[in-house]
Structure formats: structure tokens, C-alpha cells
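Just one chain is shown here, as C-alpha cells, and it is the form predicted alone.
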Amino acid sequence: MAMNLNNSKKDKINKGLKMWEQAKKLIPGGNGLLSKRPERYAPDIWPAYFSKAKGVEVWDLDNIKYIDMAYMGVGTSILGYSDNDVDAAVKTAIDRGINTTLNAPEEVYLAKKLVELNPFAGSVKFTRTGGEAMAVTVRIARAYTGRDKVAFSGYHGWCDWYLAANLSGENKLEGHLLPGLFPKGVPAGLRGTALPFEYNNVEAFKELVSRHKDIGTIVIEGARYSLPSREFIQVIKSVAQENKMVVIFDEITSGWRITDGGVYKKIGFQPDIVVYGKAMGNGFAIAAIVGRHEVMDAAQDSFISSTFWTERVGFVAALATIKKLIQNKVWEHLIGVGTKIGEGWESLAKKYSIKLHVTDFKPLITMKFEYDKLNSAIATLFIQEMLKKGYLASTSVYVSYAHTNKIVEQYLKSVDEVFAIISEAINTDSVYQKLETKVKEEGFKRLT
């Protein structure tokens, strides 16, 4: 059960924020991941740093314990923090050596397992992170097709190929998860090579393809807030076949959460390449590009190589994680718990006459307040009040295997109390007055 923080304990939450102020002076942007900035939650009260974590419990630098009902390592800890089985496998590997002049055999073991789980595929390449995996994937697709233009929907990382969409001076990435992503430093020569279209918008996709006959690659997310519609997928399939385009499913966020691999398996679509990351190593750095052999073989015509892509720990962690995911059909638990959370939100919103929408992708369940310009302030108030009750909370929950029904029931009791506060604040037009912190930031911006 989460701990209810009284005011004296709340006032002691300062070590993390003090360190964050130091970090912003030492590290451009404060850290390496936008999603972990305190400014994305409750800027003046968010704990910022952890000292240890286990299951769904996280301790901050003041040794205050929280229940993570937010992002679980931004989607990486699908089994829960510090899973005993995965950690044991990794510790054994460390004792035996992790990076030598020779290759780690686990690279081959993992490649075999991924080809087995993705029957359309014949080849695999590995990286450490999702963003670099997508950069490698687009490179391979371009090498195979001989065409530069990439049509995409959704969020696909930080690399030049993706941010090139904003070289026109317009914020074309506005509807693809993060607004405010400026393409400074991206070569101007990439202008016109990354072409966005709206997810599940068939007409927008058709119109884009009609204007750009030389598109060689189509990239879509497996899922984020919703699954792709049957019509959307069928149109992409037919257009790709007719124009000999490579279709890439980015399953970095969605992979392993509704089946033993990618969402594409559930919707009956066969891509040319599927990309996995985040959850595959339960917190350890590993990503995989799994594709048709003839497409993947184009990697040999382009220089794609990095020392730490052969480091042993990621392969070992992924093998242990995948084994546990399959043995326990973890995705069924994630869907069930996500459904319970979503239904709880909807029921409590109805109880307190709060306008919100709950998204369809249950393992990454998300509520969206429907108050226009007030949405961010309401979300901040929710985070603030849940923090007082001992929860790291957000408007999204990356569900993990460690989230039990009992944990969710206790969480929803706290949400009940917080929704009462939010309802009263909305009805009395006092949301901003109730905030003890600045309003959370939704997009990307400079911190200093």
C-alpha cells in the first residue's frame, strides 16, 4: 500500500530537486531522456532521482518510498523493477565477462529466438536503444529500395531522418507525440525526405502517396493510444505492394504488451521489418531490428557497426525476459490490469462529473482530460495530489507484471480522493490556485 505523505515529509523532498538544479548546469537538458525531466510531471515537487527500486516500488534520494503508477522506467520494466530472474541471469553473465575480442554466443541465441517468434523474418540486427535502432532500420530500408523518402506516422526517436520532417519550418511533428522538436543541427539537405501522415487516417495517407510517388519506406507505430484500423492496414499493404515500398512496424513502445512479440501479429499484417526495444530487456539496454532476409541483407551494403552492439548483457537480459514473458503470458496480465485501471478512471470520472477520455491500448493505458487549455494544469494537479499519497503518477500507466490487482485497488482509492479535489477545483475555477508547483510541460523546450 502506498504511503500517505504528511506535510512534514513532503517538505523534505528536496535532495532530488537540488540535484536536478545541478544537473541542468552540467548536462544540456539536465539528463539524457526528455520523459524523465521533472518539468514533465510537477516541476517544483517531483522527486527527480531514485536510490533503489523493486517491483513497482521506487525510493527517492530522501529514502521516501513511492508506488510507480506512471511510466515504469518509460516502458522498459515490463516485469517490474529488478526482476529476480532477469537480474540473476545478468549477474552470471557479468561474472563470466561481458565484452571481449570474441563474440558473445547469446547474440546468436537471441537472433534465433526472435526469428522463431517472428516467422515472416529471416534476419536480425541489434542495437542498444530504440532511437538508434530506428535510424539503422531506415538506413537499411533506404539501402534496399534506393529511395530516400520516408512516409511515417507516430513517434520514432531523436535521429536526423525523423527530425528532418520539421526542416520546412512548420511543426509537422506536432501530432506525433511531441510538439516543439526543432531540427537545429539536422542537415538542410534532408528537407523533404521525411513525410508525416496521421495515424489511422486513410485519406491523409493516400493523399501523401499521390503527391510523392518516390516514397520508398513507410513507418508506423504498432500502437500507442490505439490499434491501427483494418482499413488503414489494408491500404498501407496494397500501396506498399504496388509501389515496392518497405513497411516498418516500430514496436518499441507496443512490443511484447499484447502478444509474444509485436502488435502486427494480432492484426494479421506482415511487415518487412519490425523493431523492438524498451521492454525486451526489462530495463537493460537492448533493441532489435527483425526483418525479411532480402531486405535486411542490404545492411551489408552500408556501414552499420558499433562496439557496444555486441556487449553480452543486453542479449542475456532479453533472453531471460522473453522466456519469462512467454512462460507466464505476461501480456494477458498487462491487458487485464490496464483494463481495470481504465475502467476505474472512467467510473470515478463519472462519479465526479469530470470530462475525460480513456484510450484503447490497455497495457499503456492513458486518460486525457477534455478541458482544452486547462488540461495540463489539471494533469499537474492530479500528479501533485497523488504524489502526496505516495504515488509516482501520470495520466498514463505503463502496466507491468508487478502491478497486482491489490495495488491497483489501493491506487484507485487514492484516485477517488484526488478526483474529488479536481472536480471541486474545476467547478470553482480554482485549478491554478490549488497548484503548489508550475504547470507541467507537454512538449520539448530548453530548460536553461
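Small disclaimer: the values here were computed from a predicted structure and weren't measured. Residue numbers run from 1 along the displayed sequence.
One more form of this protein, predicted in complex with another copy of the chain, exists but is not displayed; see below.
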Answer among 211-219, 185-193, 338-346, 225-233 for heavy atoms within 4.5 Å of another copy of the chain in the predicted complex: the stretch 185-193
Using 4.5 Å between non-hydrogen atoms, is residue 85 touching another copy of the chain in the predicted complex? no
Decide whether residue 52 counts as a contact residue for another copy of the chain in the predicted complex under a heavy atom distance cut-off of 4.5 Å. yes
Are any of the heavy atoms in residue 369 no more than 4.5 Å from a heavy atom of another copy of the chain in the predicted complex? no
Quick one: does residue 435 come within 4.5 Å of another copy of the chain in the predicted complex, counting heavy atoms only? no
I need to confirm a contact call. Of 439, 17, 431, 23, which residue comes within 4.5 Å of another copy of the chain in the predicted complex, counting heavy atoms only? 23
Looking at 264, 81, 361, 152, which is the one with a non-hydrogen atom within 4.5 Å of another copy of the chain in the predicted complex? 81
Candidate spot 119, 374 and 397, all three touching another copy of the chain in the predicted complex (heavy atom, 4.5 Å): no
Suppose contact means any heavy atom within 4.5 Å; which members of 142-159 contact another copy of the chain in the predicted complex? 142, 143, 148, 155, 157, 158, 159
